[in-house]
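This document opens with one chain alone, in structure tokens, the form predicted alone.
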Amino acid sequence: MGDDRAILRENWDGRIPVCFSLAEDEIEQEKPENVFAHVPRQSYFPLVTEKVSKYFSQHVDKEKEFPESELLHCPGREAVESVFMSTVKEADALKHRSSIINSMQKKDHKNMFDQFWPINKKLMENTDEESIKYIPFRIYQSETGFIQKLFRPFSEEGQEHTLDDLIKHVLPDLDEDGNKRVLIQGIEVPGETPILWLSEHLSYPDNFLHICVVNQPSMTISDHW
């Protein structure tokens, strides 16, 4: 159990080095220097880029319209919180039929951004009284939108379902020749890992497992040496 907590903490406390640069066609005069940041991996860009946006705003063409057809425009923190809470509620509907989220006070909903751990602990409960009914997950592939289906953590016989079971349930025609990789939190997870364990330890802040199915990198000559 101690090792499990260490894995959970390492995942949540991790940071990702990010380089922000202004697109060439956005520059009005002199090109500004790139901005480097060590961003918490369990966060959202609109929450960490306020200073970056202010810095770049001094160098962009103010007349140019936002590319609405290419990007979703985020007006600010309130929009992020709204989408976040909507997804958390959906996750609890799947796990506990909304019993946890409905028992919480409105202030708890508001405090999830600032006091995340104590509140999220309730949402991740898996006890006899509040057992997890379905695993909140979304699977992403480059050629399609995300896929989301109902999937229980245990079979009717009481056997733990694994990541492989989930993938076969959702993507029965997926290549079995080793050309695909399954990533969660950027990690290639062994297929025999119990899906309930993954939900408890590698879910994102919105309580969903976001699973990416990607192509294996092409083999090059240098890979043989």
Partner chain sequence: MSQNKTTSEKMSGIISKEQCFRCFKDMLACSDVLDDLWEIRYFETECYLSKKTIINVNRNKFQSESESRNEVLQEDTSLSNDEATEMYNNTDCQILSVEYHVLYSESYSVPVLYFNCHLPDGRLLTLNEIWSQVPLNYQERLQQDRWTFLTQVEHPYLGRPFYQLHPCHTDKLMAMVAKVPGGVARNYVISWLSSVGPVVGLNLRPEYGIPEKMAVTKEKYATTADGKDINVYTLRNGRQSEVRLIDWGAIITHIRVPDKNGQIDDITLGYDTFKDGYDTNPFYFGGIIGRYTNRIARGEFRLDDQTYNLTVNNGGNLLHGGNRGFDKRLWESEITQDGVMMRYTSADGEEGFPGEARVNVHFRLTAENELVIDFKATCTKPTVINLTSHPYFNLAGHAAGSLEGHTIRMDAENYTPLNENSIPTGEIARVKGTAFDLTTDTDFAQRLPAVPGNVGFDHNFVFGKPGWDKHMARVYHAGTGRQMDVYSTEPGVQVYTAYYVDAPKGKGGAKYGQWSGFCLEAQHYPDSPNNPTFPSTTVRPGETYKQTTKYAFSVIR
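Numbering follows the first chain given and starts at 1. This one's a predicted model, so the numbers in the text were calculated from it and none came from an experiment.
The form predicted together with its partner chain exists for this protein as well; it is not shown, and the discussion that follows is about that form.
Although the partner is absent here, residue 156 sits far enough away that none of its heavy atoms falls within 4.5 Å of its partner chain in the model of the complex. Its partner chain is not shown here, but in the model of the complex it comes within 4.5 Å of a heavy atom of residue 146.
Residue contact with its partner chain in the model of the complex: residue 82 places a heavy atom within 4.5 Å of it. Its partner chain in the model of the complex comes within 4.5 Å of a heavy atom belonging to residue 86. No residue in the set 49, 53 and 104 has a non-hydrogen atom no more than 4.5 Å from its partner chain in the model of the complex. For the partner-free chain shown, 68, 69, 70, 71, 72, 73, 75, 78, 79, 82, 83 of 66-85 come within 4.5 angstroms of its partner chain in the model of the complex, judged by any non-hydrogen atom.
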